[in-house]
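The chain that follows stands alone, in the form predicted alone, written as structure tokens.
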């Protein structure tokens, strides 16, 4: 798609529908699904519908400036790609497409412990924009070795995910027989046969595997096993050992946020894991104002969960976030059209944000704060940018 061509999949719903057509059901449901009855997933998105903005008129701002500074980095956009495991299930080369898009857009690329392409490869491909996401999956020494690997790869940011003491009950995966490591079983034969493009491409490239566990753990990674060891003592060890910026992901409780801040964590990611862990958990957008009040106005907060359009990014910033991460939309875009789809998603989100800034009478995303809200979002006004 040339730069001057319109995006044929301009909305989240379009991307999701295209991904659903192209992917086998077992794969689409793994990406699309959530915990329990998936009420939490719907609430994540609905929370943004409850936030309204106050437009201004007779203002003629210049083209919206979307650059931000976060954790010592100059970023081209106020959003990035959240870490997701086994991205290459969306199609061979998805990890590389996401890295190429991150380099083009100058935004962070989350690289999961359960990723299907090595962090060293993605660090180079993204031009240094890979943030490694760390799970503690039962072995503290293993987790520290993975952190050392990320440091050796020159990752500037390590994101410790703390909201997965057990993997949430995801009925769609159970119903479909989805397992990790990923295997094409006989029960999936018809599903794969009905999606030959995906099946033949995956067969040629090889089924995705969790490459960070190669040579590290006999038998590979079991995502259903209890993840013992991710506790406050481990965090203290990690903070002492990790030489660069440390983010803790999966925080919803203000008391936890204050304790993490006091322990020297550089930023928090307010997240409920895309509603894939606890169906009844409050949404990140609901949790954000109280966490902002707890940590003060200058402490970096990142939000993920339920963000589906550019206006959602603006709403999150107005409610107290400094930056936003998206997950599923990137995989839908990759499944639908590969790298052109991912680039089109990024361009659409950026254009949506610029349109919102123009409607709000703002020249840059750095100016977004609580003043653009039609109603207060919480106890602490937010009118700055970290």
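Bear in mind the structure is a predicted one, so any value in this text is a computation, not a measurement. Positions refer to the first chain, counted from 1.
Unshown form predicted together with a small molecule; subsequent notes refer to it.
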Contact flag, residue 135 vs the small molecule in the predicted bound form, heavy atom cut 4.5 Å: yes
Interface membership of residue 274, the small molecule in the predicted bound form, 4.5 Å heavy atom rule: yes
In the predicted bound form, residue 320 touching the small molecule (heavy atom, 4.5 Å): no
Contact of residue 85 with the small molecule in the predicted bound form (heavy atom, 4.5 Å): yes
Residues 95, 107 and 338 all lining the small molecule in the predicted bound form, heavy atom within 4.5 Å: no
Segment that reaches the small molecule in the predicted bound form - one of 50 to 58, 346 to 354, 63 to 71, 327 to 335, heavy atoms within 4.5 Å: 327 to 335
Listed residue (125, 308, 149, 188) with a non-hydrogen atom within 4.5 angstroms of the small molecule in the predicted bound form: 308
Residue (of 292, 129, 249, 212) lying close to the small molecule in the predicted bound form, criterion heavy atoms within 4.5 Å: 249
